[in-house]
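Here's a solo chain for you in structure tokens, the form predicted alone.
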């Protein structure tokens, strides 16, 4: 884990509230792994005091670039949205434990909800390079938040989209697409499931995943202060009553082992 000031190469709005920022770092491009995150200092001032955890959205090793995706939701990210190309972004990382891709499987089903799409691009790129078959099931509220899927389709990814407003793909929730998929594949031993998104979605997917015979990994979203497990502020409870820190022990966990309140 290092702290580094990285040059911002591009910074653009994907939607009115979702931004993609691309920074340059040979070290991060070499060391980042799917599922890890960077702890970003919004600006060189005491306001805001705390860093913001951002999932690694994409890495292009040949260009030494790292892409981060974030939504403007408060004071810190609003300030961050004003950063310009050529400025420096202070980042700490890479942090956390990413996805376990050593588990034997041939086909990955990836379920993303909302900004849960942020870390799955890096995951899909890596899986495709490994020769894995990939199904992406992505659900959002507004179809305008769907982007980048044509590139995946061109590489053979089975992309299924659900939007609550019905503007893209199937109208409904991401689980409306996952249910028929699992009806056919729940006992497929060549599969491994990956899921990223808000807790309400993870809980719903967990109920469905519990009826499958293959493993599932979940990337959790949580507010983090220190990012290294010291402040103990991002705890998650497992079904065996153990408490783990999302930043240090995760953010990736066995989906079937996480305890969600009913």
Partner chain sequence: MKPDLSVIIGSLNLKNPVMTASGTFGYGLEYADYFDPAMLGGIITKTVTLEPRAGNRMPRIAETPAGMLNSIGLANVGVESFLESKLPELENLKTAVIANIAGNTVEEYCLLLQKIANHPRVDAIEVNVSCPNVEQGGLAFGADASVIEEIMHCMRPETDKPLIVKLTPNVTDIQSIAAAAESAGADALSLINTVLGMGVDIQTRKPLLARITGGLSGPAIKPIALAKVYQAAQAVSIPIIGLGGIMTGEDAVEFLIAGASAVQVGTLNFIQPDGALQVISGIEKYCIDHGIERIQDLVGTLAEA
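Nothing here was measured: the structure is a model prediction, and the numbers come from that model. Numbering follows the first chain given and starts at 1.
Quick note: we don't show the form predicted together with the partner chain, though the next part is all about it.
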inquiry  = Each of 125, 149 and 157 within 4.5 Å of the partner chain in the predicted complex, by any heavy atom, yes or no?
reply    = no
key: the partner chain in the predicted complex: contacting segment from 163-171, 127-135, 92-100, 177-185, heavy atom within 4.5 Å   = 92-100
query = residue 3: heavy atom within 4.5 Å of the partner chain in the predicted complex?
reply = yes
task = Look up in the predicted complex whether residue 18 has a non-hydrogen atom within 4.5 angstroms of the partner chain, and give yes or no.
result = no
task = Could you confirm whether residue 238 comes within 4.5 Å of the partner chain in the predicted complex, counting heavy atoms only?
result = no
ask   = Does residue 205 reach the partner chain in the predicted complex, with heavy atoms at most 4.5 Å apart?
value = no
key: Contact residue in the predicted complex, chosen from 68, 195, 59, 234 - any heavy atom within 4.5 Å of the partner chain   = 234
Contact set, 199-236 vs the partner chain in the predicted complex - heavy atom within 4.5 angstroms = 222, 223, 224, 225, 226, 228, 230, 231, 232, 233, 234, 235
